[in-house]
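The data below hold one chain only, encoded as C-alpha cells and taken in the form predicted alone.
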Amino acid sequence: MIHSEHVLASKAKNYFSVEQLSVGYESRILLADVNFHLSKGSIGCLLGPSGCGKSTLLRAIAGFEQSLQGRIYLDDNWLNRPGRTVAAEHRNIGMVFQDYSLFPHLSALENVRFGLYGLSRPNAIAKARHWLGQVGLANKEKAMPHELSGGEQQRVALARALAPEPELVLLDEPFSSLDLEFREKLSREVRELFKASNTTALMVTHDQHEAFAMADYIGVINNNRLEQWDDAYHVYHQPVNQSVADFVGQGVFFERGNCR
C-alpha cells in the first residue's frame, strides 16, 4: 500500500491504528498487510466492491472475527497483537449494522437504553433520550421498530451505538438499504453529528458517493490489498494506480514518465 507523505507525517497524532493486519478464514486470506491510521474525531471509510473483505476487516476490528496477524491500537491500548486479543465486549467500540439489528420487542427508547447497563435506570433513560434527540427522534421514543421508517430505524441504531460514548464507532454499509436521495441526506447528517460530538468513526461501503460524503480519509480495497489510504481529496484527484482510478471513477491517473 502507498501512503502519502502528509498522511504519514500525522502518525504521531494517531488515535486509532491498524498495522500489518491480515484477515480471512483458515487458509484463505481476504486482506493482507493492511495499514491505516485515524486521529481523534476523524472519519475513515473503507471503499471496495462486494466480497473484497472490507466487512470482515471491520468485524475483526470490532472483535467479532479473529485476525490472522497484525495489530490494532485504540487510544493508547492494544486491542489485538501477537499473543493478545481483547474480547469484543471490552473494546469500547460501537457498531452500526446494515440491517439495523434493533430488538423488535423494545421501543426506540428502550433499544437505545439497552447498552447503558452500567447506569442507573433514571440516568440511562435520560441519556437515551438525549441521544434520540441528537438523531432527531425525540418524538419517537415510544415507537416500536416496525412503526419506524428505514431511515428512522437506522437513526435509532446510531443513537444506540453512540449512547455508551464509545472510543470508536464502526458502520457496516449503514445506508445501503435506503433510497438514494435519503441515503445522501442521512450520510451528511451523520457526518455532522460525528463532527459535533468529536466521534472517531470507520465505515465500509461499496458506494463512492457515500464515501466522499462521509469520510475525511478513504481506503480503496482491491485485489486483496488496501491499495490507497489517503484524504478524500487526494484519493479523488490523485489515485495511486489505475485500479483505484477506475473504481473511484473521477480521479485522473497519469503513468509515471508521462507527467510534465
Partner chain sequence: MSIVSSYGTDDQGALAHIIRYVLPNSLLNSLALTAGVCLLAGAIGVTLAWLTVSCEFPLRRFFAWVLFLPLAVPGYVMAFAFVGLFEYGGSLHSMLRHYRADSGWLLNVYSYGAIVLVLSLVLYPYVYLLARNAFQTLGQRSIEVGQSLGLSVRQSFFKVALPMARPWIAGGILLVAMETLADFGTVAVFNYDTLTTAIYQAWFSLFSLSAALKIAGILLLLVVVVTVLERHSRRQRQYAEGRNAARNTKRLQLGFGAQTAALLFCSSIFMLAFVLPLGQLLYWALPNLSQELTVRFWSYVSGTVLLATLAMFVVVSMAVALAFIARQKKGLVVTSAVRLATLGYALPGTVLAIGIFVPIGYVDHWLQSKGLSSGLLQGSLLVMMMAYSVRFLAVAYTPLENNLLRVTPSIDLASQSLGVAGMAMLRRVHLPLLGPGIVTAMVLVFVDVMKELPITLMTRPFGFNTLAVRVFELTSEGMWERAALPALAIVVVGFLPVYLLIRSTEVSPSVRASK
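As the structure is a computational prediction, the values presented were derived from the model and not from experiment. Numbering follows the first chain given and starts at 1.
Keep in mind that the form predicted together with its partner chain is not shown, yet the notes after this line are about it.
J.: Does its partner chain, in the model of the complex, lie within 4.5 angstroms of each residue among Phe64, Phe97 and Gly115, using heavy atoms as the measure?
T.: Each of the three qualifies.
J.: Heavy atom to heavy atom, is Ser149 within 4.5 Å of its partner chain in the model of the complex?
T.: Because no heavy atom of Ser149 falls inside 4.5 Å of its partner chain in the model of the complex, the answer is no.
J.: Would you please decide whether Arg84 lies within 4.5 angstroms of its partner chain in the model of the complex, comparing each non-hydrogen atom pair?
T.: Judged by the heavy-atom cut-off of 4.5 Å, Arg84 is well away from its partner chain in the model of the complex.
J.: Does its partner chain come within 4.5 Å of any heavy atom of Ser176 in the model of the complex?
T.: Answer no; every heavy atom of Ser176 is more than 4.5 Å from its partner chain in the model of the complex.
J.: Considering only heavy atoms, tell me if Pro122 and its partner chain come within 4.5 Å of each other in the model of the complex.
T.: Although its partner chain is absent here, Pro122 would stay clear of it in the model of the complex, with no heavy atoms inside 4.5 Å.
J.: Report the stretch among 177-185, 86-94, 133-141, 72-80 that approaches its partner chain in the model of the complex to within 4.5 Å, counting heavy atoms only.
T.: Careful reading of the contacts points to 86-94.
J.: Find the only residue in Arg59, His206, Arg191, Arg225 having a heavy atom within 4.5 Å of its partner chain in the model of the complex.
T.: Exactly one residue meets the criterion: Arg59.
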